[in-house]
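The chain below stands alone and is given in structure tokens; this is the form predicted on its own.
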Amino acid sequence: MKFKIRTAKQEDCKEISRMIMDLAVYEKMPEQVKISHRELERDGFCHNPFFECLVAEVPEEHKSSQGHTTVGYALYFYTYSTWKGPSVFIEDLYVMPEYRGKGIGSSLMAKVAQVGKEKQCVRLQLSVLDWNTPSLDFYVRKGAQDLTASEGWHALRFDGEALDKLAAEAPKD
């Protein structure tokens, strides 16, 4: 099947938002999605964007049963390792179920790697839920290292009241 990977444009945000919700449903956490296409437009298409995004498109003759031609996306951003240097982090890699197994996810991930290498990134990182063995197996087949198993890293998060409380502890200027 023919498909194209391209840099997302602001007008793609409604389609990206739709797929973000699809991914959240798959991950059994749809109630956690608190943003819409408006926040994606604001945060990804401003002077200093918080993220970059690629989309996968199929020709009109291969559109989905719901009429979509945008069938996947990879949303990523840059981080910095004090041990290794510039890094790229994939926040989301998603392909609609009816388009999986056709090389779209591999192509999205490879394009993120290529973009990262062009920006001197020395590694690509991502997170995957422990029960999501199809995705974990896919990443490991591609050469990813499972850092939980090999190095014992835990992913931690501050949000909501915990983030507010921590921010309130900051020294006053």
Partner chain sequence: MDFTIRAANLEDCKDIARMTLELAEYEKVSEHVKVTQKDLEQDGFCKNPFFHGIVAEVPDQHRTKDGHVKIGFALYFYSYSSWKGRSVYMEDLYVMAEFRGKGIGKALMSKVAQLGMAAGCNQLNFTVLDWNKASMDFYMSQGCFDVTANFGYHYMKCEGEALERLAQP
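As the structure is a computational prediction, the values presented were derived from the model and not from experiment. Residue numbers count along the first chain shown, from 1.
The same protein also has a form predicted together with the partner chain, omitted here; what follows describes it.
When contacts are judged by a 4.5 Å heavy atom cut-off, D130 counts as touching the partner chain in the predicted bound form. Proximity of Y99 to the partner chain in the predicted bound form: non-hydrogen atoms within 4.5 Å are absent; the residue sits far from the partner. Though the partner is left out of this view, F45 does not reach within 4.5 Å of the partner chain in the predicted bound form, counting heavy atoms only. Although the partner is absent here, Q114 lies within 4.5 Å of the partner chain in the predicted bound form, judged by heavy atoms. For the partner-free chain shown, D146, L147, T148, A149, E151, G152, W153, H154, A155, L156, R157, F158, D159, G160 of 146 to 161 come within 4.5 angstroms of the partner chain in the predicted bound form, judged by any non-hydrogen atom.
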